[in-house]
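Shown next as structure tokens: one chain only, the form predicted alone.
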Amino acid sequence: MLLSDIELHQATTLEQASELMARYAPGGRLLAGGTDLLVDLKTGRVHSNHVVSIQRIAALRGISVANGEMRIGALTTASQLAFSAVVQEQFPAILDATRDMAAPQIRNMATVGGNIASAVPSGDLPPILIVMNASVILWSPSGAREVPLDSFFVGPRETVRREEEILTEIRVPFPPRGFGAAYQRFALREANACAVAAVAASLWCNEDRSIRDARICVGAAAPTPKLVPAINTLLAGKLPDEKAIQRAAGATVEACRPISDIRGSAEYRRELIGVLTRRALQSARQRALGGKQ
């Protein structure tokens, strides 16, 4: 598809964006940073004659703190997220994901909301945000609703977002004492490579160093970011030693059913998942027991 065939509509308010999306439903597309959508339009992965840009809605930009959580505007770029003082001081696990996310030029354009709403299976931010119990705010003219991020994805490039809704904000609770999280990915080359496999892990430890809660989310190895359901049962009450980490890695590999594609075979991905799980849990353990996230 030629981009010249597409009519671009600039919205300056959420109400205007919603009205335009309703007018051009069901084929209208929302444009944030454009790093996913424009590629998809050029390659014919998606088709639309009407694109509604929300880039001029200032209320969707910026990072704030309220009610014990960090609130990230959907139009905040990956670079802005990485350079945020609150992220650098309180959320080092998010830096794990932004550090390896494409090239600097892409990070300067790609938005946090777009990385989530596009629901690309290899997206870097969803896995780490899921293990940190993040949620998203979906706005429509009839009101707003908050959806836990682990319930947001339903398939590759498919989410629970309704046609009239706009993802406006991501909320991440501040970690409690004894909490640590980390993200590990593997790609075939540097720069713009999508992850072949990725793993995010979080541990919340008690004063005696035993595990109170544990989460592992696998990315790029399933149609959606996949939480491993057995992990908390497997690790709760245990010390986060190498034996426990090895068991968790094995359970994660067992739970995954990756596909084979041009980036790697299913067998190769399973091997990667085991390695990445161990690394993510080791880093999360260090942050949890060291008093930092």
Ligand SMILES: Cc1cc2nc3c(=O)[nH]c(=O)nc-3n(C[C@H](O)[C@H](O)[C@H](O)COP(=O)(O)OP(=O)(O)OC[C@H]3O[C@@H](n4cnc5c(N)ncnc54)[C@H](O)[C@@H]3O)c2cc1C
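When you see a residue number, it is the position in the sequence shown, counting from 1. Fair warning: this is a prediction, and the values are worked out from it, not measured in the lab.
One more form of this protein, predicted in complex with this ligand, exists but is not displayed; see below.
Contact with this ligand in the predicted bound form, judged by any heavy atom within 4.5 Å, is made by just one of R215, R161, R212, R71: R161. Note on the partner interface in the predicted bound form: the residue among A110, A197, I130, V136 having a heavy atom within 4.5 angstroms of this ligand is A110.
For this ligand in the predicted bound form, the listed stretch (100-108, 85-93, 202-210, 215-223) containing residues with heavy atoms inside 4.5 Å is 100-108.
Although the partner is absent here, N115 lies within 4.5 Å of this ligand in the predicted bound form, judged by heavy atoms.
Within 4.5 Å of any heavy atom of this ligand in the predicted bound form lies no heavy atom of V154.
Proximity of L37 to this ligand in the predicted bound form falls within the 4.5 Å heavy atom cutoff. Contact annotation for A193: at least one heavy atom lies within 4.5 Å of this ligand in the predicted bound form. In sequence order, R29, L30, L31, A32, G33, G34, T35, D36, L37 are the residues of 11-37 having a heavy atom within 4.5 Å of this ligand in the predicted bound form; the partner itself is omitted from this view.
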